[in-house]
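Before any questions on how it binds or moves, here is one chain, the form predicted alone, in structure tokens.
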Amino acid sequence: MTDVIYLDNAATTFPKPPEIYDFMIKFYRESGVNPGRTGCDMALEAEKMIQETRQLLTKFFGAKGDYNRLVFSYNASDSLNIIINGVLKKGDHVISTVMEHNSVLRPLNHFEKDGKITIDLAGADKKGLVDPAEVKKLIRKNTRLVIINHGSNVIGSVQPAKEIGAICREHGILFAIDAAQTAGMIPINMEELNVDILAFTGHKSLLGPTGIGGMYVREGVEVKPMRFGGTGVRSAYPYHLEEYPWRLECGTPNVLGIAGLHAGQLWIAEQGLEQIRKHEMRLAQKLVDGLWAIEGVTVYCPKKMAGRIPVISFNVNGFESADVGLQLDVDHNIITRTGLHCAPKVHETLGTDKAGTTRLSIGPFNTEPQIAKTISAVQEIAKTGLERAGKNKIVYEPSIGT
């Protein structure tokens, strides 16, 4: 693995910092038991770690309320399903955007298909940004929820959440964000962004393992529980508890996953979120500069990466995206992601909905030599692609903006 250039961090960060692996293994060996169910020292230690992680993440997301409203789940998709199922009722109207991941689009589409809700999707410009004024225009009397992807997993655009959230507050509408790509990548302050509910996953920039995520539900906002079962608390009560976090959690929690999130919070605090972001964005800018300079390569992001996250999509004339990804993997040992990235509406906006794009996404352990090798590899592929383009007629449109 030492020779692999891993540029699929938008899917999951890899590798994790060594400290995170070490903490998870040590904690699970010593205290990997069921928390909150017995009074033994190991169970108390597990419960303490879980509660401390709730506190760390509540502070990390700038939430001012009770840390028990930080609820753990499997991942962002799981959280978004809980949110959508837990706040909507028959007759509600929902506003979302064309920049969404299927973790938002599919639950909403199922609700609409079943005749429960109506949906409007705000459009985006060529840089992948949604105009808050367009969101405002879509508001109806029965609009219950505005839910947006905070950061695009295809082209790295970051939405103006603060402005959209202010509009929602003004109209008494719930505002939720999918922070799968931005949590741990950029500073998030729920109070400043006017966010009511935030969904996150642990295995991306929060640097935890797969299978752990969660949400924070602002005080005064309620999400109806959709799952019921054991909590280890008030066992004689015949119904699921109303109090957070048990309201939205049941059964034995993912202790190992939460331990990874805990260690991730400590590592981010030690390194400094600003320093991590500065490193990643510096590499992203070098990568974008290099790709823009290659003849026959179409880059789907502006030349300047300011205000975005380090996620870059491109195509090469003469090849479909899957062919480019395969060549980068087999011939150059570079790991990417190709296709539609579970975000079909984004690709419709870009005009890449037939074959998608090749995506490169940078993490904290990528280096300048890796970026230079990647640019060189794409240049080599593009040279062959130019010869094929005339024969195969696979020619992509110019880049989306400067």
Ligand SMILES: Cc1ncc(COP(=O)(O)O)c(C=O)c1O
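Just so we're clear, the structure is a prediction, and the values are computed from it rather than from any experiment. Throughout, we count residues from 1 along the sequence that is shown.
As for the form predicted in complex with the ligand, it is not shown, yet the points below apply to it.
Scanning S103, T97, S157, S321 against the ligand in the predicted complex with a 4.5 Å heavy atom cut-off leaves one residue, S103.
Checking N75, Q265, N194, T143 against the ligand in the predicted complex, a heavy atom within 4.5 Å turns up for just one residue: N75.
The candidate spot formed by N315, H347 and G356 lies out of contact with the ligand in the predicted complex, as no residue has a heavy atom within 4.5 Å of it. Contact between A10 and the ligand in the predicted complex is found at the 4.5 Å heavy atom cutoff.
Taking non-hydrogen atoms only, T201 approaches the ligand to within 4.5 angstroms in the predicted complex. By the criterion of a heavy atom within 4.5 Å, G184 is excluded from the residues contacting the ligand in the predicted complex.
With a 4.5 Å cutoff on heavy atoms, P310 does not count as touching the ligand in the predicted complex; it lies far away. Checking 127-135, 143-151, 250-258, 275-283 against the ligand in the predicted complex, the stretch whose residues place heavy atoms within 4.5 Å of it is 143-151. Contacts between 277-314 and the ligand, taken as any heavy atom within 4.5 Å in the predicted complex, involve no residue at all.
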